[in-house]
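Shown below, as structure tokens, is a lone chain in the form predicted on its own; questions about how it binds or moves come after it.
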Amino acid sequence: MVRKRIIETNEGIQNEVTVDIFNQFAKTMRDKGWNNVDSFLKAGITKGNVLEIGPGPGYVGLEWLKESENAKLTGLEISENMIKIANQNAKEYGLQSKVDYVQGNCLQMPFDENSFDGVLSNGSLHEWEDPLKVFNEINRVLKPNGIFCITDMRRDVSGILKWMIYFSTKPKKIRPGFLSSLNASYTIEELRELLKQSRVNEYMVHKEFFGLRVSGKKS
């Protein structure tokens, strides 16, 4: 039996010490290749003006941008401290001219309709206070035929895999946060039911090794 979902914070990672620890964690995830960049590319998000929701320290979007020459990235991030780190990381990647980080909440995105060719996000879905509203916002800011791809953890992952990931997570200070995020994540069935209520008409929900992926386009 799958445990009931336990809602996590909707404020993002704000404290400077916590932000620094999360940056270390995100860097180890990048080095392991656990960032779902391949999922975004396979979904067809390879060029154009693309929005990343919840970029955190920026590694996922920057790794994607490395593989997407004819692209420009806008990162929508709730935490001002995260944006500072993301801008520093963009400079280290040499991609600061191709990325712009904007402070804001994905519940009410500060962008016009039909602004983006693609929308991507990794690991932020479980933190969305009102995911239905966010999917409607994604649909609003996408251009016609624009593609979206959202990846996250999956709450009904096997116990063995859960604890394998837990004990391999570094730094150790991030492990309690890993568990709270996992407990706040969705199952495939929950996500499908949620999307049925949204304005998104064309989508597919997939189960992955440790998580889930929903991708589609604005029809």
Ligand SMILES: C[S@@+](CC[C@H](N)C(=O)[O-])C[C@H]1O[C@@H](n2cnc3c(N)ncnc32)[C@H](O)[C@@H]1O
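Keep in mind the model is a prediction, meaning the values are calculated, not measured. Don't overthink the numbering: it's just position in the shown sequence, from 1.
The form predicted in complex with this ligand exists for this protein as well; it is not shown, and the discussion that follows is about that form.
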Among 138-146, 97-105, 84-92, 110-118, the stretch whose residues bring a heavy atom within 4.5 Å of this ligand in the predicted bound form is 97-105
Classify G123 as contacting or not contacting this ligand in the predicted bound form by the rule of any non-hydrogen atom within 4.5 angstroms, answering yes or no.
yes
Report whether the minimum heavy atom distance between A43 and this ligand in the predicted bound form is within 4.5 Å. no
inquiry  = Would you classify V60 as touching this ligand in the predicted bound form, given a 4.5 Å non-hydrogen atom cut-off?
reply    = yes
This ligand contact at L73 in the predicted bound form, heavy atom, 4.5 Å:
no
The one residue among A26, L51, V37, L191 placing a heavy atom within 4.5 Å of this ligand in the predicted bound form is A26
Across 71-100, the residues having a non-hydrogen atom within 4.5 Å of this ligand in the predicted bound form turn out to be L76, E77, I78, S79, M82
